[in-house]
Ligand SMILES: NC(=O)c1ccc[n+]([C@@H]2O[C@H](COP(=O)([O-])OP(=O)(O)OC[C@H]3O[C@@H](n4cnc5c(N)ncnc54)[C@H](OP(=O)(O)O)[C@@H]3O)[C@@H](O)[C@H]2O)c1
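Starting off, we have a lone chain in the form predicted alone, written out as structure tokens.
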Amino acid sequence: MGASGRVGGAAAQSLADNGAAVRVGLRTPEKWTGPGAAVHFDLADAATYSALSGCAALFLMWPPGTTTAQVGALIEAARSQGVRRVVFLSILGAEKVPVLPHRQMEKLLMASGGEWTFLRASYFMQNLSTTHRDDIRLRDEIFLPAGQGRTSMVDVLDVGEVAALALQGGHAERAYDLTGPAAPNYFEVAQVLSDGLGRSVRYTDPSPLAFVRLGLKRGVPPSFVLFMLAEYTVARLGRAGRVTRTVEELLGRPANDLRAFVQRELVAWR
């Protein structure tokens, strides 16, 4: 699942690079140009679950807007078609927030009787080059209501490589907390971007109300504005800065740091 997105795409590429046979499930498989064999799959359409037949492992994500019942049906279908293990992309701290959809998915997998591995990933560095790209590219600012709070960040490529490792077995009943090597605040993130781009990028540190107002004014869907507000409020309260060495321990190399990521993605902000 999710190969047309960031973590799923990185996992598929890493698997292919390691010589694994990859099947990519997409709503529009004819558009796929990446590794593996693309087949029609849609979580909202149980008739497409036959795409799982013959697969040893499933990379599972929670698409926003999907119901718990739909994901539960997919997990049951995977088990009935012989899928031995499921690697689920969760979020850091999911085990502490029982109302999160990610935690509900984790509980379904723990009760399924099959092998499971949870990848509890921290804030993606790639959010800076996708969701917040235009603020940086067009306005030279990071406009997030995170205050001076620190946020542990992780490179999607590292998460995808860990996913590929877990999909190939040997990591059953493990929950991995995945972060990069540091937890900067957004003043520090702005400095790293400024250094890389050779121009001044500032962190404007808006109030939560100012963030919501401007997001709505720019046409951002209200549900997404509120989602981001909740996400960055966690950082504002000082609860998003935990750093682990799990990526390094699993991959046998240091996790990618923010400066390396910025250098690799410079074209996004130019």
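Just count from 1 along the sequence shown to find any residue number. Remember, it's a predicted structure, so these values are computed and weren't measured experimentally.
Just so you know, the form predicted together with the ligand exists too; it's not on screen, but the next bit is about it.
- Judged by heavy atoms within 4.5 Å of the ligand in the predicted bound form, the contact stretch among the candidates 240-248, 197-205, 34-42, 212-220 is 34-42.
- Looking at Pro63, you'd find a heavy atom of it within 4.5 angstroms of the ligand in the predicted bound form.
- When the ligand is considered in the predicted bound form, Asn127 lines it closely, a heavy atom lying within 4.5 Å.
- The ligand in the predicted bound form is not approached by Ala175, whose heavy atoms all lie more than 4.5 angstroms from it.
- Leu193 falls outside the set of residues with a heavy atom inside 4.5 Å of the ligand in the predicted bound form.
- Shown without its partner, the chain has Met1, Gly2, Ala3, Ser4, Gly5, Arg6, Val7, Gly8 in segment 1-25 as residues with a non-hydrogen atom within 4.5 angstroms of the ligand in the predicted bound form.
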